[in-house]
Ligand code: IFM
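The chain below stands alone and is given in structure tokens; this is the form predicted on its own.
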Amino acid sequence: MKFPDGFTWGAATAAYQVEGAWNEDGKGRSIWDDFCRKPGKVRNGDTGDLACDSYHRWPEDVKLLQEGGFGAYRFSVSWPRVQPGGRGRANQAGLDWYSRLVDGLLEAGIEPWITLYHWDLPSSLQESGGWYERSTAEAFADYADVVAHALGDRVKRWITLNEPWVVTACGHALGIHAPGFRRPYSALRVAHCLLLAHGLAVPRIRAASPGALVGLTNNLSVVDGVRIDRPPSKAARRFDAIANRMFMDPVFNRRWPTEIAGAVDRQAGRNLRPGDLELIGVPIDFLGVNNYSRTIVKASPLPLYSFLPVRPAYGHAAFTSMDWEICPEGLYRLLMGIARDYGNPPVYITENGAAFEERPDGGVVRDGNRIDYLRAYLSQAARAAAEGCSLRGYFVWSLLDNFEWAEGYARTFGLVHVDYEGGTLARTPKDSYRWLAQVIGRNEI
């Protein structure tokens, strides 16, 4: 199964998960710096203080990208490294570091793809209300302008936000991610401010970086009811509206899903202004899609939400070490649904991969289960492209075993093993790294 000509092959990481250097060269605190210091929030008390130490070892990581045949690298900029207080004058040392990384990538023949927000909000902005406040969206647009002016002469691929659903749900409804709030009945206020931040930032990036292509990355999944042989249940449609369409309909259609429009009006309150949906719906150049699994839900008496995700229980169900169902056909169904429902926009899979447990053995890391996962999902991606989905590229998550948020270092997604146990942080490419390099070289499965 061949991929389209000119297909982009990349690997992805995020600043807090790989950089380390949490308080070096003028960097300010982020909500993840704070969250990790709260007892019981992160497995084993792990933090991203050191992570993969990519702040100092980035040339090694660029070399891994180059030797793996990757044509693109998706990484995020740490907002508090650029603006320690979230507003105002930029920290030049932080911008200089990203400038060196961009130059190193270009010298290696690798296209830099920048994500401006991958969850590490400056602590000072959180202290003034965080994503509950419209002022944070306005500050984000200013920050995007600073970074685009500094790097936009060389960087032409920009992603505003990564997975606003996770920020909304895990950070502000369930409390399992930073900033750790359990406020399910005000979380839609956060969703509105995140989407507004995206909409305000897009024209600022384009003005600062002429010719730039700008998009948004959503984590999306096909949603099924517990009886998948029947039409989607009311609970499945409700979950789809909140988890998927809430971050798609305003961007592509300038409206909220009908199932939640009234709740958004009630929760967003004073943050809502006439014309917001026009700002949010500014045309984008591509959609980033993060997908790992599908979601199965059953009905629940919870007000507003009315659903409860459940673990698949059919006999041959298989799972990653994150306990996520391996369902490659879900990616195909998702891509074809986007093409059908949203005018077939250019799509890049900006994250896809799997966490499994493996250890080096004699300098070799055997991870055939990851190869099987990637082969299955890539085959379904190629199938969607062959059937008309405007799929333009694929970024594997992740280049490195890294800090996996609330799971700390206990869950490993990387194509490259990082020695945390020995403390050396030495990089060891796994079998999956070599396998994917062959796929990239042939541009086919």
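On a predicted model such as this, the values are computed, not experimentally measured, just so you know. One-based numbering along the sequence shown.
The following text describes the form predicted in complex with the ligand, which does not appear among the structures shown.
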- Item | the ligand: the contacting residue among 324, 181, 165, 286 in the model of the complex [heavy atom, 4.5 Å] | 324
- Looking at 245, 118, 238, 189, which has any heavy atom no more than 4.5 Å from the ligand in the model of the complex? 118
- Query: Among 316-324, 135-143, 271-279, 149-157, which stretch has residues with heavy atoms no more than 4.5 Å from the ligand in the model of the complex?
  - Reply: 316-324
- Message: With a cut-off of 4.5 Å between heavy atoms, is residue 367 one of the residues that contacts the ligand in the model of the complex?
- Response: no
- Query: residue 404: heavy atom within 4.5 Å of the ligand in the model of the complex?
  - Reply: yes
- With the partner left out of view, is residue 377 within 4.5 angstroms of the ligand in the model of the complex by any non-hydrogen atom? no
- Message: Taking the ligand as it sits in the model of the complex, is residue 224 in contact with it (heavy atom to heavy atom, 4.5 Å or less)?
- Response: no
- Message: Using a 4.5 Å heavy atom cutoff, which residues in 291-321 contact the ligand in the model of the complex? It's fine if the answer is none.
- Response: 292
